[in-house]
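There is one chain below, alone, in structure tokens, taken in the form predicted on its own.
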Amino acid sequence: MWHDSGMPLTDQERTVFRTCPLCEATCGLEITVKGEKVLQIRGDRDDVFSKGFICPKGVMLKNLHEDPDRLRRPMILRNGEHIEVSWQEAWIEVERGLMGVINTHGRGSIGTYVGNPNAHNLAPLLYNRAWMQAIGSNQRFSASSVDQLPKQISSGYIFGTPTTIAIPDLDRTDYVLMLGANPYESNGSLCTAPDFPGRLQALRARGGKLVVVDPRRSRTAENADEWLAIRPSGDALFLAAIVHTIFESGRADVGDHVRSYIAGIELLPAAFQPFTPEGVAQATGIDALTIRRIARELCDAPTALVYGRIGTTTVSFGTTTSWLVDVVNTITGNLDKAGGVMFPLPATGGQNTRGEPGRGSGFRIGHSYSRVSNFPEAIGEFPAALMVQEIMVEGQGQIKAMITLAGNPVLSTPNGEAIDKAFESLEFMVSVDIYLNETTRHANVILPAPTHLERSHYDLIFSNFSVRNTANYSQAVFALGADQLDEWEILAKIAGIAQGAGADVDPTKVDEQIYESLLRKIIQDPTSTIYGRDLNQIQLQITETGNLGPERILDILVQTGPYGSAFGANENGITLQTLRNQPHGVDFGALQPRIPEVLRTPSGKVELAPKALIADLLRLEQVMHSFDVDELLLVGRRHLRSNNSWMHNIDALMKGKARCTLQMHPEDAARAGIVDNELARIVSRVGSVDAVVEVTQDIRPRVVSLPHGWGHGIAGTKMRIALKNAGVNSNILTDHDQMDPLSGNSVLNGIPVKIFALPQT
């Protein structure tokens, strides 16, 4: 006997394979199942990409699936308490609340917030655009502006699209200069590389060098050849001095392979003239001799690359630092070169595989501006730091209702106490989430999504950032429960309600609209592999596959992608069924050079000196001469067993030594009269928290570190394990007025603070 999904109803043990959806590493999992129970999860040794690697979080998919606190039925807020209701009751309330706000205040009064897990989830990636367009508001926010947005914006200016990001070719490089990244804990970011630590170890084993630039001696720094303890927010100055040194020494050379496709390089020597190694030494905390040596090593290495991540983007010069990473990679001859930085070619295609190869309309921000502060949108959204003012400041277009999807901005966005009060003031709120957490406790309706084991998976986003071209589709491990909607159905139904179709709208009808619109667009694209084909004929082939929902859309993207069958036109091409038949994944090989076809700039060249970024060097020069070396600066940190705020309810991950501690250098602890393992008060411009101090030599003086994503001790939540391990919310200290002006990304690192000892009881 079989479920409709094709999964057997049996008590016999079976083994299923899927990709872990918890971080960007995309590791293959081998899951042993008996009936409706997971018996064991381990790394899939036959996975073409991860080859058996797994971290502690991947094993916990079983615990997450079985968590008794996980929501299994919709909840409605009544008389200050969330109670379980039927789906029909929930949809009636969604229609009442959303349409009530729209009819009273207009569509622009609805705000949306999309959290980090959406990037790891097939249904939202395919359906978010539809329900947001149905809402009809430009008040869109997401976790992007507390994370990677600056890298996307700088890449958009340079290469033409915000998803055309130059990725480290880790497996073939001889030298890695890593800034603000800790892949031994995070598994990598904007660089999809299962077993990132193993790849770095292999680099060193073959005689290469790893240099880590970080205010903390992170686990990655511990395993590096060299640790440079930079002052927080000094990365842009450090890289600017490297650029200066390379030009000054006459070593700048982009290489013959891309020389004719580089524009603006002649502007750089003069632009970086002020940033001498001696001039930036005090501001960065790295001496001039070291800066010159690192510049020389980058030029001398047969292949080399610079990789910067969240420590370089969540600062006031996030976009400029991200740009400088690519400038250094380019002028050392390592752009689009094996062992340098390269551009993946994902199986489902992307912004840089569609349209005319090698040329496009380019990238810009400011298609619209925020209501209160007149800040430009970027990639279709406004900075998360602006949510408070858009909710609290009265006037036309004021946000009166919010829809949040797998996000917890109360813990993850700046000035957490202010956003908490702002959400409390809303007239209506809908959340799609698996937990009653610090944010969803404000929701009038919570719609529970299926667990990771109850839904199919394909990494649409991270294949764009992968160190190798692979594709891996995972079917659901378990069929949905009788009273559980799939996530695509939830999102499609929200879209239908927002369109005015009512609480009884059939989500499959919304799905038909999305599917047909996509297919028509691809057929009408002159650069498509199915351009001009007969629509009815293609639809007949699609119907014969039996695919529906996300699988139907995914099959279209795969078939019309770079390796696709084009619905029969390419007999050697792949389909979704190809991926189903190969559960360990399909390997398309190492990254290959893609310039010029990857470019989508109007000039058809790599724009190495975008006006907005050249102009920002004046601000950077001013900072070089105006800083306080005695100021105490707060930075965040990552832990391997933690995933932002939403995996703190797994008991096995919370065991062991407390991780939400304030790390301080012994000199700073002594100066403040603070003893190891005692409470201290951390005070910033916008708030204060009390945390246990961990005195350590693994952090540079005048820098303190508190991890991100904690602070669970708030009434009204239902996360019992998290409550026992509450920690403190570092974002109470982050300043909503401090943003990178080029992107609007929040400044989460380099926050000025004061530390005070507290009386011990």
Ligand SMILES: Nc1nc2c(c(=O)[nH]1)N[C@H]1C(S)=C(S)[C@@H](COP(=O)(O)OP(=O)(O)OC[C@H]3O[C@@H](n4cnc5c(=O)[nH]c(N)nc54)[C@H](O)[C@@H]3O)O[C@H]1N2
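Predicted, not measured: the structure shown is a model, and the values here were computed from it. In this text, residue numbers run from 1 along the sequence as written.
Below, we refer to the form predicted together with the named molecule, which is not included among the displayed structures.
Not one of 265, 559 and 595 is positioned with any heavy atom within 4.5 Å of the named molecule in the model of the complex. Within 4.5 Å of any heavy atom of the named molecule in the model of the complex lies no heavy atom of residue 16. Interface residue remark: residue 315 is counted as part of the site for the named molecule in the model of the complex, having a heavy atom within 4.5 Å. Heavy atoms of residue 180 reach within 4.5 Å of the named molecule in the model of the complex, making it an interface residue.
The closest heavy atom approach of residue 748 to the named molecule in the model of the complex falls within 4.5 Å. The partner is absent here, but in the model of the complex a heavy atom of 232, alone among 111, 162, 232, 344, sits within 4.5 Å of the named molecule. Residue 408 is the only one of 470, 415, 348, 408 with a heavy atom lying within 4.5 Å of the named molecule in the model of the complex.
Proximity to the named molecule in the model of the complex, taken as heavy atoms within 4.5 Å, picks out 140 to 148 from the listed stretches 83 to 91, 649 to 657, 500 to 508, 140 to 148.
Taking a 4.5 Å heavy atom cutoff to the named molecule in the model of the complex, none of the residues in 155 to 177 make contact.
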